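Two forms of a single protein chain come next, each set out by itself as structure tokens; they are called structure 1 and structure 2.
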Structure 1
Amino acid sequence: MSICAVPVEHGMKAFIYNPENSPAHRLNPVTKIISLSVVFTVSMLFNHPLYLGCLIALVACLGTVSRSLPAMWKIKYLLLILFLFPTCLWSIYMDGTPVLLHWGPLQISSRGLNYGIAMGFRLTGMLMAGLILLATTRVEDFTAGLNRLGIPYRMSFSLTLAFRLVPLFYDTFQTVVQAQQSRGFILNTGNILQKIRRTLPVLIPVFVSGIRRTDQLAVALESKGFGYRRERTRLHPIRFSRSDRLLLSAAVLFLCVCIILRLTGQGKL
């Protein structure tokens, strides 16, 4: 079937998490979320391709240490497209001098090209940093981290539950497609309007099966004491080890250095 963007053999279980035991896996999720925010902030400080290129190199080093390069490799084409797209778009959209290339009404300036490359680096750098977090952190640890950072428990739990339900509903989705196929239905045919309408025989049963589970899930949750007390305990409490403190200090230091650089006018196109 041509309708599946996600390779069928991986199903929806193909989240990025890579069960290893690297130093990054052992860090606590709060440390990782804060460090990720530092990378995001720093990539927003600069818009010079050189500086953002250095940042990407740094992220790649972190990727090696945390053994998350395979995760990046898995989506290499997506990363490439996401790098090229802003690069091309800004090169064309932004005018300036000197003009490097002329092609009909389109022209590419050196300023536009530099800016485009910088933006491409910025986007891919962020995604690579994001991938490190995803590859080294379980969903529960991520939501526990959010919880620790002030997100209410019921909210972070709902996100965890959603992650758990995705593969289940994806299976339902595939079954529904097959059940309708067995009734002579072909999903992806006709013009674009027909194609859109032809998703209804699939969307409706998936929706109904999903919401018919709602009460069942809610009842099962409450039967296990969900919402009984305001304070709950945690099997694996979030602890700050020495390496957590070390990395956090390094991240803050790095951020300060970058801010100073930026204030002195460095790294700007």
Structure 2
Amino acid sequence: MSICAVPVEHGMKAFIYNPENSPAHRLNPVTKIISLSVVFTVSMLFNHPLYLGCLIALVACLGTVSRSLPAMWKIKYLLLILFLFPTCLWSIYMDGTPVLLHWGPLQISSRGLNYGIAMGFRLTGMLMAGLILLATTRVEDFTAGLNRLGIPYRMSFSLTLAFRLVPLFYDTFQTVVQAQQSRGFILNTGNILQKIRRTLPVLIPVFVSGIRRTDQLAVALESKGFGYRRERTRLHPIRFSRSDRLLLSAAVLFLCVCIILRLTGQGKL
């Protein structure tokens, strides 16, 4: 048994992956990766808030169908920050007419506000689409999907290893905080600077534990001969179903329509 298989898989289920039986969970990982690439491409094509708002609505519908809303709710504050930060930043620093608000050297124009909202929609939609992929795809399937797309196994494994280590660090942080709170350590009181000052000592055992687990993972991989053979065998081969073909066709058609709209001047401020 792998040294870190149990805690890592538990961390993935607790933090990102949602083990449901939705239609998105049954899709081929290659289909989901290509669909994610289509969403990213469409997000970069337009800079109008109306078009990107429609894309956000589409991604939200996909999140409802795939039962990924709990994963989005866990990072609701990050999604809110990703929307508000570019909205405020572009609204202030982008010139345009008419001017909606003027305060000293700062001014907010209608064009700047619309562009800022569009950038907020773009970042939020891309993150939401990525969360749907992570919430409906196991790490092993994601690695196999990348490998099926032609990415070398070592590279795909290194990329997906980050998805394993992030929740592992998160679980370790929660364990250390709970252990310190049981000893009378108060973390959630005071202002933001006091909370940061109290959190810094907690991070030391978290990083030490993370480095130790990473070293154990490296030893486990070496003991199993990782990278000895270029060709990989899988217990569950990747197969395309009818749903995969329909979704890929719809994704390609959606991308073509968006490209045509962009070439005709639509979706641009």
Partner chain sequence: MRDVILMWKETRMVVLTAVTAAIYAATVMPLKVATIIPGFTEIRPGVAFVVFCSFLFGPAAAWGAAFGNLIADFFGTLGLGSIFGFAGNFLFGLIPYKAYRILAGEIRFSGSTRSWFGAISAILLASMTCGFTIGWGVDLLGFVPFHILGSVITINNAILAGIIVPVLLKILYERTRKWGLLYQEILQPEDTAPGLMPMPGLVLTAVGATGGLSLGFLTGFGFLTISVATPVLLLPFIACTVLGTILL
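The term rigid core refers to the most C-alpha atoms you can superpose between the two forms while keeping them within 1.5 Å. Counting starts at 1 and follows the sequence of structure 1. Computed from a predicted model, the values in this text were never measured in an experiment.
Just one of these is the form predicted together with its partner chain; is it 1 or 2? Looking at both, the form predicted together with its partner chain is number 1.
Superpose on the rigid core, then tell me if the C-alpha of L203 is displaced by 2 angstroms or more between structure 1 and structure 2. After core superposition, the displacement of the L203 C-alpha between structure 1 and structure 2 reaches the 2 Å mark, so yes.
Comparing between structure 1 and structure 2 on the rigid core: C-alpha of M72 shifted by 2 Å or more? Not so; M72 is displaced by less than 2 Å.
Given a superposition on the rigid core, I'd like a yes or no on whether R26 shifts its C-alpha by 2 Å or more between structure 1 and structure 2. Shift at R26: below 2 Å after core fit.
Rigid-core-superposed Cα shift at Q216 between structure 1 and structure 2, Å: Shift of Q216 at C-alpha, rigid core superposed: 6.8 Å.
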